[in-house]
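Two forms of a single protein chain come next, each set out by itself as structure tokens; they are called structure 1 and structure 2.
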Structure 1
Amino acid sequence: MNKLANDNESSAASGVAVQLSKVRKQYGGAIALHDVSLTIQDKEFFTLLGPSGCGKTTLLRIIAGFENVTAGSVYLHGKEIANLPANKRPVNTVFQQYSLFPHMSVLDNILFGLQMRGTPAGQAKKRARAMLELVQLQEFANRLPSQLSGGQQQRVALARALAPEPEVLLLDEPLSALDLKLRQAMRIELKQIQEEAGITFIFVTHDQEEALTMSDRIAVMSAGNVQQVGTSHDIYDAPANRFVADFIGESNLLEAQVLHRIGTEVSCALPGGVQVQAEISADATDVSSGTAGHLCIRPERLRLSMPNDPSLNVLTGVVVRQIYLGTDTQLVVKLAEGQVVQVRTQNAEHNSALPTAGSSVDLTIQPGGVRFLSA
């Protein structure tokens, strides 16, 4: 038995649901995916996140069997499925459009797939009702889809997809058609349904907040490449490169140059000469004295400080604009060396008035709040 086969058997035994090995997808001369490799654990809520055209939906369609790979391998619980037709794969997909049958009741919509698979009538009805209970729609069993809200229709689509007991459920931006408040509510429900169903969910979205809220792990994609894989905390607090830092949430990215490095910390100089201590990854072998890059500072990591504060990592500037956002206030500050940063401060933390446009301010970076990115 060769090493790859051994690795796949080991993956199946260790609870790996989906494994992608150097998956490449090419349309003529255009490459949609560049040798993508990912390992997705069993019962994990895994999200493919990125802007439009980054390859995330193509990757999902490859797992579903709707697209063939140009090169590479796809494994489901250790078994190669790259050449297996879509209807033979133990996976199911929930799309942006729920495609419920308008003339069928909610219960019949869920029963339909089970009946097509030849599930005995009594067993099918029991399973369908169990799925209705899972998505908390028992009392709507006899209603038509047109009599349901958008969020309820989405839950019916989920119940229908889960009824045949797929090993993996694929979700292609299923919340995009809902309004903001309903999307926010459905994020919590969707994660709860995944945990109760006890199977792997692979979720595609361009919405960072959706990904951060629901995911066990996230793969951030750009231009057909995976930029970083990690938990929400990993992705947000320790971005691997400038793209991830800029795409996930709000970031201040300041040009800087490394003066010296000690372990996972570097001392950097901004263009005006101000020195800032920053963190780097332990495996950042490309970072040393003289390396040019950017400091990533999240707006909430900057705090207004007293003038001449002796603390390290103090930036000086002038407020350009103050923006009230309800729970917090955003300050746009132009630093002495000319770069502009955003500061987020909770309104409940301030009893006195915040500085207005034209005010000089000192900003202290919270410990651990700045990261140096060379790429």
Structure 2
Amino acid sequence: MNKLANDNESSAASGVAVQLSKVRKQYGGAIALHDVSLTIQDKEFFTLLGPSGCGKTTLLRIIAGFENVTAGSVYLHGKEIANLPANKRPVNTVFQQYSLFPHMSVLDNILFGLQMRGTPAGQAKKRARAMLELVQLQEFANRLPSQLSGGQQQRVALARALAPEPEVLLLDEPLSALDLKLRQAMRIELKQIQEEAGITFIFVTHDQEEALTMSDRIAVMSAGNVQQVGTSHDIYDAPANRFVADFIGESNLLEAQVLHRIGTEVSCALPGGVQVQAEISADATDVSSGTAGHLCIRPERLRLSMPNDPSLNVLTGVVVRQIYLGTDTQLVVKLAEGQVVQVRTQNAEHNSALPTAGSSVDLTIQPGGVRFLSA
């Protein structure tokens, strides 16, 4: 399957499942994808994460072959597939609405792809049975899709897509139609199935929790652009820009200006004059003293401290609201300079009562908990 790998030097190296090179998609004047380039490794659980309308589903449909690219190339294991119709691509999709064939039994649904690929009947049956076992639906083989629950239909869709042994499995928000408990259980199960099957998964979602729990790597997308590609840790702890910082988890974004920079460390000043130490990505070569931007501080990185603690990275303010969240308590604090920040503390860590609305507090920023973002 890799015999055309030499056509494209950059992805000829084994281990690359899908490579997108400057993929552009335009609908009339509207641009859905701006020259997107991505490399997805073999056997990777790769997630396209972003708000609705960011282009993630379009990108998935381009890989599946349901949409043509306006410009750019798509390589599957080194082979250019941008002009190959969907039915000739060794790629299968789990659809958001499952799209099971309503007139076929569960078993026939799973057999369909195998039959189309010309798998001998006996072998196909065996494979389909194995898939049913994988998703634990053996006793439902002869049911019609309409006789199954949403969660069961979802498993059938997964089994149907996995049965023909695709080189890459595409999943288009497959969990979004399920209720919360089932969704959480399916996350773990999907990850397990992916590891067992040893297949590259490209997973589309707008749910950051889903992305963070399952993915090996995540591409955060917005407005037809890839904002950042990285592991869950990278994306959460070292967001590339304000969009990623804001979209993934909660963050406090405070305007700041760089005073001086040493490697990946910067010293910044907040509008009120308070100095804060922050980290910066090594690629941010345009940042030097005088650069204006934002500090990103995660709410759980802010600690309540005793008033008048003279250490660096201390902010002072007044509690506006205290919100009890079970394991955590969230405090909304208005800083002396007027900005509002969220502080999150674990309830188990506190013996004494937390400050209530109206009381003054000092906040320390945990070391390593601040990023400076120029964009």
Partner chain sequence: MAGGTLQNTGVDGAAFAGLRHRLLFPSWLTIGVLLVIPVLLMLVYSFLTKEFRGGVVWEFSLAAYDQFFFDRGLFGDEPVKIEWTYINIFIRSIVQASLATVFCLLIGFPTAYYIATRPASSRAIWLFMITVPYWVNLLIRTVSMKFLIRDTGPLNHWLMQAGLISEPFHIINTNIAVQLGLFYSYLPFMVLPIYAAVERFDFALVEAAHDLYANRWTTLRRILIPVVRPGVIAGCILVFVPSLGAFLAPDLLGGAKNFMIGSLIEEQFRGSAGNWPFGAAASMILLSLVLLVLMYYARSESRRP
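Treat the numbers as computed from the prediction; the structure is a model and nothing was measured. Whichever C-alpha set is largest while still superposing within 1.5 Å between the two forms counts as the rigid core. Numbers follow structure 1, counted from its first residue as 1.
Where the criterion is the form predicted in complex with its partner chain, structure 2 meets it and its counterpart does not.
When one rigid part turns against another between structures 1 and 2, the hinge among C268, L162, F46, V23 maps to L162. A two-part rigid-body description fits the chain between structures 1 and 2; in it the smaller part is rotated by 15 degrees against the larger.
The two forms, fitted on their core, place the C-alpha of Q147 4.7 Å apart, compared between structures 1 and 2. When the rigid core is fitted, Q138 shows a C-alpha shift of 3.0 Å between structures 1 and 2.
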